[in-house]
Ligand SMILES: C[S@@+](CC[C@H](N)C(=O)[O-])C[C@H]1O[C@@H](n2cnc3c(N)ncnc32)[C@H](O)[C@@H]1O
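Shown below, as structure tokens, is a lone chain in the form predicted alone; questions about how it binds or moves come after it.
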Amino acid sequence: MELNSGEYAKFREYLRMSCGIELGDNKQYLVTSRMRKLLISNKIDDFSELIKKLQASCSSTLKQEVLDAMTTNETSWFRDGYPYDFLEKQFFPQWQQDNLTKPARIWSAACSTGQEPYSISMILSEINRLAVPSRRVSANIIATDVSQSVLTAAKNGLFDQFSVMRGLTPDHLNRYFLAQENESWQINQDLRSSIDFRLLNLQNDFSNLGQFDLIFCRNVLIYFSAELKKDILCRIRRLLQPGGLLFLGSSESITGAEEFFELTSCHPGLAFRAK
């Protein structure tokens, strides 16, 4: 099943229009390797037939399968460390000090299989476990992703041995997970019920999510064009409360959207504060 240059051009355009991902030149091998199983399972003979089916809008299931196969879901627990250090040492303690009764609102955009929002929820649980009842903090955590399959996995909260080894301490594992058969681990019900998982394409309007104190949009904007990245950052800015913070991936920047944010140190690490 080879992908010729014409088919590749049409597939690139479809992916760009459907989810904003910009494939570079000469990525035919990547597309072929990720699509091969899908073509076989759907009894599609070649890429020309696949593209025709996608363009004809004949199957929303097929479209979702293509999207799931082509979106990267690389993730880990407490990834890069510093955003979670900030939550633990500054954000939630400040909420306690101010004795705020309203819940903090946190959005995990492009949450993949849930490690990011669950990590946030673990930090909150640890803060409250050590606090007197009158100083406990509440938070509304919304987690979104463009892929229905990874959202379903996130909601189920069932992780294999390899997944739990990527960033979890033995203490986290013992406190928040239950061992299952086949060396898998189920995250506890309290954490699963603490997060509102929703299907969302960042290309589309997300203003109905409401205002947030913190937004995590990490390691996803790098796959978009400069124009789409700026548009998304502009719309994210509108959802941040005054002084609200945006965390991007450790190697990402706000290049092209400097008018909306200013770089700030969150001791440790860096974040972007809404102007």
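So that there is no doubt, residue numbering starts at 1 and follows the sequence shown. Computed from a predicted model, the values in this text were never measured in an experiment.
The form predicted together with this ligand is left out here; the points below concern that form.
- Taking the partner from elsewhere, every residue among Ala110, Val146 and Val150 has a non-hydrogen atom within 4.5 angstroms of this ligand in the predicted complex.
- Of the candidate stretches 178-186, 153-161, 197-205, 85-93, only 197-205 has residues with heavy atoms within 4.5 Å of this ligand in the predicted complex.
- Note on contacts: among Arg192, Arg79, His172, Arg136, the single residue with a heavy atom within 4.5 Å of this ligand in the predicted complex is Arg79.
- Cys19 is the sole member of Leu23, Cys19, Ala257, Cys266 with a non-hydrogen atom within 4.5 Å of this ligand in the predicted complex.
- Contact annotation for Lys229: none of its heavy atoms lies within 4.5 Å of this ligand in the predicted complex.
- At a distance threshold of 4.5 angstroms between non-hydrogen atoms, Ile215 is out of contact with this ligand in the predicted complex.
- Within this chain, Ser125 is remote from the site of this ligand in the predicted complex, having no heavy atom within 4.5 Å.
- Although the partner is absent from this view, Thr75 contacts this ligand in the predicted complex, with a non-hydrogen atom inside 4.5 angstroms.
- Along 207-221, a non-hydrogen atom within 4.5 Å of this ligand in the predicted complex is carried by Arg218, Asn219, Val220, in order along the sequence.
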